[in-house]
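Quick setup: one chain, the form predicted alone, written in structure tokens, and binding and motion questions come after.
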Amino acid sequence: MGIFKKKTYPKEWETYAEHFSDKITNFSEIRFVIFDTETTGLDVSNDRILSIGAIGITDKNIILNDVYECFVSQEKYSRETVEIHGIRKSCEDKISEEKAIVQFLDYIKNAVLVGHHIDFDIAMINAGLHRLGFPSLKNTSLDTGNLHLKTFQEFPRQQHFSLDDLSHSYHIPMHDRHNSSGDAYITAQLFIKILKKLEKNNPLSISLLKRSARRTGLL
């Protein structure tokens, strides 16, 4: 009979994974990390992360000293995307993708991750993890686009909202738009406003927030 060995990963991954043994049930104690990435493009397999910006929220309060930002050395350079994110090949103090990913794991720990159209950002982080031989992120994730749809009594005809759309609807100033830290801060404000709207009709819980908007409306 063969002997099956548990696959082992680098200590940075094991340290990150250990945090998930801590279970927090009180919603007000849950740490949310709102994050955004700027990338060389939208191809998860071939494009790369240029920057990560993140900020923490606990009990519907933005924690201004709970932040993470990094700029990643560029192996792939696109003049077209520079016009959007403004990160040039020679600007900023940059670190390797490996260092950025490891630092990000150490920063987020077991936080609930929040972003606008977050599936893309998660996919880009996971692609970086896989290049290092790590598994995918273990964190629960929430999309502010889906959360916004939960605020409607009836499911709206328009189902996709840009961050610009929602910033305008919720009266959030758009400072540093298309900058990963700036977009994370805008999204953090949006997330809090949506939570306050939702809790008028429902006790807040992760299960409520994770549920598909098509199944909820204002419960």
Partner chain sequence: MTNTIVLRIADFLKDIPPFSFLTVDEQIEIAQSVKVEYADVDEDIFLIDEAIKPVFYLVKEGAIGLYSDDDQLSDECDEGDIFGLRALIRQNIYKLSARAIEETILYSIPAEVYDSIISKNTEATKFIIQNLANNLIKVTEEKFLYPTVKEAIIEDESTAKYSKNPITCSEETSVEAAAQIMTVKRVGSIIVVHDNKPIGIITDKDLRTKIATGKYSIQEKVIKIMSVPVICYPESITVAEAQIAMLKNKITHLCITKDGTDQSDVVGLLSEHDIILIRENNPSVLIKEIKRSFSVEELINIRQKTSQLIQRYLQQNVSIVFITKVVSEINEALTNRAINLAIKDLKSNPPVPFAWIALGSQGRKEQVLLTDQDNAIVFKDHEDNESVRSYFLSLAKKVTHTLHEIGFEYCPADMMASNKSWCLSFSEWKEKYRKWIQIPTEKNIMHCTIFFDFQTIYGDERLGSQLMEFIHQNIEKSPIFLKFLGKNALQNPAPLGFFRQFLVEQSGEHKDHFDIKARAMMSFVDAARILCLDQQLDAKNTLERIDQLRKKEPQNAEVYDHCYEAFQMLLLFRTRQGFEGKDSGRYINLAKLTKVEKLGLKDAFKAQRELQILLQTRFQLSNFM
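What you are looking at is a predicted structure, and each value in this text was computed from that prediction instead of being measured. Positions refer to the first chain, counted from 1.
We do not show the form predicted together with the partner chain, though everything after this point is about it.
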- Message: Can you pick out, from I49, L163, I30, I192, the residue that has a heavy atom within 4.5 Å of the partner chain in the predicted bound form?
- Response: I192
- 4.5 angstroms heavy atom contact with the partner chain in the predicted bound form for K11: no
- Task: Consider F104 of the chain shown here, and say whether it contacts the partner chain in the predicted bound form, taking contact as heavy atoms within 4.5 Å.
- Result: no
- Task: Please check if T40 has a heavy atom lying within 4.5 Å of any heavy atom of the partner chain in the predicted bound form.
- Result: no
- Message: Taking any heavy atom pair closer than or equal to 4.5 Å as contact, tell me whether I34 reaches the partner chain in the predicted bound form.
- Response: no
- Can you pick the stretch from 40-48, 22-30, 150-158, 57-65 whose heavy atoms fall within 4.5 Å of the partner chain in the predicted bound form? 57-65
